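Just one chain is shown here, as structure tokens, and it is the form predicted on its own.
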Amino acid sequence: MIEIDFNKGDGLVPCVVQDIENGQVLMLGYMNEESLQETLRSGLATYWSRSRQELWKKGETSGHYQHVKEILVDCDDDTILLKVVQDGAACHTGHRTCFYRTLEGEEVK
């Protein structure tokens, strides 16, 4: 098994989340070793919340779980890509993806 390098980012690595069915990028989160282990154990995406300083299972409060189908690691072993089946919206604003605006602020349809 590949060893993720959690030492480069103060114990956290970026985690890109992609819809396995259509390839849409849904969100960016951060993982530490504990959240990765919980994701592997449960099959549900679990992150480290930098604002709350605790583990955060996506969907615990909203019901919008991310069912992990595949985990990929980048060439430097310091970024994770989760391919998921997304229940409902990925963004806390209610949008399917967190990337729903252009740089000018216009909403993408």
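Numbering starts at 1 and follows the sequence shown. On a predicted model such as this, the values are computed, not experimentally measured, just so you know.
Below: the form predicted in complex with another copy of the chain, not depicted.
Looking at residue 50, you'd find a heavy atom of it within 4.5 angstroms of another copy of the chain in the predicted complex. Looking at residue 96, you'd find every heavy atom of it more than 4.5 angstroms from another copy of the chain in the predicted complex. In the predicted complex, another copy of the chain sits beyond 4.5 Å of every heavy atom of residue 55. Under a 4.5 angstroms non-hydrogen atom cutoff, another copy of the chain in the predicted complex has residue 79 among its neighbouring residues.
Contacts between 1-39 and another copy of the chain, taken as any heavy atom within 4.5 Å in the predicted complex, involve 1, 2, 4, 8, 14, 16, 18, 23, 25, 28, 30, 36.
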